[in-house]
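The data below hold one chain only, encoded as structure tokens and taken in the form predicted on its own.
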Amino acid sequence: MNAAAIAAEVRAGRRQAADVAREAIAAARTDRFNAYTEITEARALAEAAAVDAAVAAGRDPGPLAGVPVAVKNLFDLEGVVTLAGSKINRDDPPAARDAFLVRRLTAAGAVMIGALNMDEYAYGFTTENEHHGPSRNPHDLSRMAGGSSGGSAAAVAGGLVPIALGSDTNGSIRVPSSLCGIWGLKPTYGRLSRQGGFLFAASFDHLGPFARSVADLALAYDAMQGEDAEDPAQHWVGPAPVSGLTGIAGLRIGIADDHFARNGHAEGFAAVAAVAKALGTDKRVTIPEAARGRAAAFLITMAEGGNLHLPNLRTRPDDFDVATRDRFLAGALLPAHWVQQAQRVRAAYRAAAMKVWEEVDVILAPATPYVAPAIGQNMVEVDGQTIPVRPNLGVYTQPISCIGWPVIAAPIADPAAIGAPQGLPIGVQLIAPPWREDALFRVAAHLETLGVCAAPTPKA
């Protein structure tokens, strides 16, 4: 069942939250996708019992009453070591309290099932974790789930939980959403608190939800909104509920061209074309300097991540995943004037790109350049060139992360109909100006109603 249905059943007393929790725990224990790294069974049963007690006493258990949730293992969970996908963090003490967004979810009645696999320190697009093994795509177990929030996406796509949380620095919610065929939200930079999240690159990092329906995505997002003085990056503009929003009347919708119309396979462009046709738009718009923005994103995130991990790079280099370590080392050694110039490019790109909103209210773009590659695949051919798989998965997401715009990754309901190889999932980015998550949810709900975008059922 989806989250909205579970909550309705529990709130009405037709189902016990404890029974739902036990089912989710059982599913976690038989996880075929290597999504979980920690199952919080005792906590889940205690939280479910509290929800059932509230219902029995006639108290409101919250909008997510009894809904099983899980989080990427970079979120603090009280009493659990925050791994952030690493070996090094195993030596840390358990978290003293939950991350802010976790506290918001459980206050809304959600039940925490556990922590989920990810790329080490969120530096990757594949969740091929050297320490915990690769997360597997529920649509084909031989393929990547995407990353760095691959465990979160696999858990939702595979039906282990209806809602999971991830993080997005350069595309780590949108890439696995696309490859696993589910909905994912990267909110505006600064919208949701990041307190209690193990960050990768602080000037880029976003936290957000995954779900199999727009209604569930909206429920999670609404529950997590709240002011938090402990996150200095949060720019609180007040709550902006999105549940129930629908209809696209008055919204000007455009299709991103230039950078977003090359660098990928046919299925990514066919996905955008199908969504554009359903929305009745053929208007092309250019997000200027997107390629330069992506280049700036590479340099700045490398530098921020490398410097964050510099102490361990000096003292425990052999305890990193080799690929992660080498990228962090490269970032730590970048010349300062390169990083300074990248920041100038970022600022200029942001100013130039904002002008596109004079023409449209929502922009469509591919989410990934192709469907999920095989686990272990290192290279892929695009436009006649053989290029690395990992960095190219973020070719369309990085330019948007660089300037913090909100995005919903929308899954194509019937990937085979648009020519996706083997009918594997692929998604489209719905992009809006800062603080306009409402516009995204209106378009997403409309596409789901039309049947163009929906989470396809895994066959694996």
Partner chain sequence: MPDSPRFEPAEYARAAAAAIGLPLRDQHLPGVALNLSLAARMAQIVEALPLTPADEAAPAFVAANAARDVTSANAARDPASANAARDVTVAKAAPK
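Positions refer to the first chain, counted from 1. Just so it is clear, the model here is predicted, and its values are computed rather than measured.
The protein also exists as the form predicted together with the partner chain; that form is not presented, and the subsequent description refers to it.
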Out of the stretches listed (294-302, 78-86, 269-277, 92-100), which one is close to the partner chain in the model of the complex, meaning heavy atoms within 4.5 Å?
-> 294-302
Would L245 count as touching the partner chain in the model of the complex under a 4.5 Å heavy atom rule?
-> no
Though only this chain appears here, would A342 touch the partner chain in the model of the complex if you measure heavy atom gaps against 4.5 Å?
-> yes
Taking 4.5 angstroms as the cut-off for heavy atoms, does P335 touch the partner chain in the model of the complex?
-> yes
Contact flag, E289 vs the partner chain in the model of the complex, heavy atom cut 4.5 Å | yes
Would the partner chain in the model of the complex be within 4.5 angstroms of a non-hydrogen atom of every residue among D228, V237 and D318?
-> yes
Counting non-hydrogen atoms within 4.5 angstroms of the partner chain in the model of the complex, say which of R212, R327, R136, R194 makes the cut.
-> R327
Select from the listed residues K283, K355, R262, R314 the one whose heavy atoms reach within 4.5 Å of the partner chain in the model of the complex.
-> R314
Enumerate the residues of 166-202 that have a non-hydrogen atom within 4.5 Å of the partner chain in the model of the complex, in sequence order, or give none.
-> none
